[in-house]
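A lone chain, given as structure tokens: the form predicted on its own.
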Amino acid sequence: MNKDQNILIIGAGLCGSLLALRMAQRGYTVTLVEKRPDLRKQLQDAGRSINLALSDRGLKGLRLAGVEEAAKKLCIPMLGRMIHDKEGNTFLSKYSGRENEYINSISRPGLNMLLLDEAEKMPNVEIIFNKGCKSVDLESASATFKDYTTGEDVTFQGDIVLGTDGAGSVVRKSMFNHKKFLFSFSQEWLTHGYKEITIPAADGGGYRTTMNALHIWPRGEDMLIALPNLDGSFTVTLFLPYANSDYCFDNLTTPEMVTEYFSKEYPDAIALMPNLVTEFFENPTGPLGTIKCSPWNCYGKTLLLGDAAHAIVPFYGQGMNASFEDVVVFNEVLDTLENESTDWKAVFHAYEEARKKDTDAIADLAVDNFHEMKEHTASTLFQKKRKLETAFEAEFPQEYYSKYSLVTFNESITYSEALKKGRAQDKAILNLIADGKLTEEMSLREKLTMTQKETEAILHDDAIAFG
């Protein structure tokens, strides 16, 4: 490895800051450039997602960089989904039947600050804020930025450019607009948007509802979720159609309409949100979309990672985790191909070959989970499936992993493998329950054997049908 090489990383969000830290640990000189001010010196913008779900794949990336334990201090374990019906009844659907498998609510800015602090400690890292990327010269690995303090343009040069500048990536846009480069790009929007509201901490700083759960109010087309914060509050997110519904963002235009909607659909939640109407109209409405593109690399000089390469909707809680796993996979490729005169074109190609199919898979799984969360979590059939899967995982922890567990708690298999096996298992269990083939008289072992047999049959049929 040539340690004199300079890595220019554009975008100092979660993926970029972890990548900068890891590349510096490998001995490279890193310049990390961010368009926003240093968030360690700024208040968080209202209405922007302030907490995320951190799970095993993300923890693996943090572990690689030596910051897992520090990050865990920012976490609140969530053991399962707390389902709220219209009457205010609740029940907990655990994420796993195995012990010590749960996801974590973590502060987005808190984790970003931690990663920036750790990267900044490295003598071979320079972090530059308030400079927005305008364009990238893909062949020369240089980028032009606007300095928001002076208003002037400035150019930074690297040996390579790593684009981690998010879903609105300027690095990706430079690839898209490059005349000598064949670049495929797709962006698909959901018909739903989202808006964030707050359940404040109780008097004295406690929690107004169960702390160690991800709360869901599934209502078919609409959904409310809430994740806990360390200060006793919950970040609440409303997912609602933009239009063509009795209640949608297009017609929730008055305080009376907002109050009517929440009182009808979420009566137990509205009692916990004293600032509902004010926050509803002050906080922005955000879009939800999936971005896929290829190739991620250009001329062996530029590479996309994280949301810049594969933005997904948030319904599997895997956006951040997938981006952190990008860093893990990229690190593994470097372990194999890095040398005194590293061929970056070969590294970038090998990384994309190893990673693209899996990011496509988690994008599709996230859309699947959107429909599952808002529609199916409240259905009797789905609840029977989850109860049976939890029993399988508790009794036979080495023999059965639900689709959710395969994705969330089993980083040893890829997203594409989890999608293939998980979908087959879901189909098998739902069919067997619907057909009445899993009877009360059967032992749990017999039910597992039948489920596994049906799953293998579905996988076999899929292999024939899709090659």
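Please read these numbers as outputs of a predicted model, since none were measured by experiment. In this text, the rigid core denotes the largest set of C-alpha atoms whose superposition between the two forms falls within 1.5 Å. A residue's number is simply how far along the shown sequence it sits, counting from 1.
The discussion below concerns the form predicted in complex with a further copy of the same chain, not included here.
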- Of the options Phe156, Trp344, Tyr261, Phe183, which one has a non-hydrogen atom that comes within 4.5 Å of a further copy of the same chain in the predicted bound form? Phe183
- Answer with one of Phe91, Phe281, Tyr148, Trp189: the residue that has a non-hydrogen atom within 4.5 Å of a further copy of the same chain in the predicted bound form. Trp189
- Item | 4.5 Å heavy atom contact, Val67 and a further copy of the same chain in the predicted bound form | no
- Query: Contact between Leu430 and a further copy of the same chain in the predicted bound form at 4.5 Å, heavy atoms?
  - Reply: yes
- Message: Taking a further copy of the same chain as it sits in the predicted bound form, is Ala434 in contact with it (heavy atom to heavy atom, 4.5 Å or less)?
- Response: yes
- Message: Although the partner isn't part of this model, could you tell me whether Met257 comes within 4.5 Å of a further copy of the same chain in the predicted bound form, counting any heavy atom of the residue?
- Response: no
- Task: Within 4.5 Å of a further copy of the same chain in the predicted bound form, counting heavy atoms only, one of 439-447, 21-29, 453-461, 8-16 shows up; tell me which.
- Result: 453-461
- Give a yes or no on whether each residue among Phe176, Pro287 and Leu381 has a heavy atom within 4.5 Å of a further copy of the same chain in the predicted bound form. yes
- Query: For the stretch 231-247, which residues lie within 4.5 Å of a further copy of the same chain in the predicted bound form by non-hydrogen atom distance?
  - Reply: Tyr242
- Message: At a 2 Å cut-off on C-alpha positions, does Ala434 qualify as shifted between this form and the one not shown after fitting the rigid core?
- Response: yes
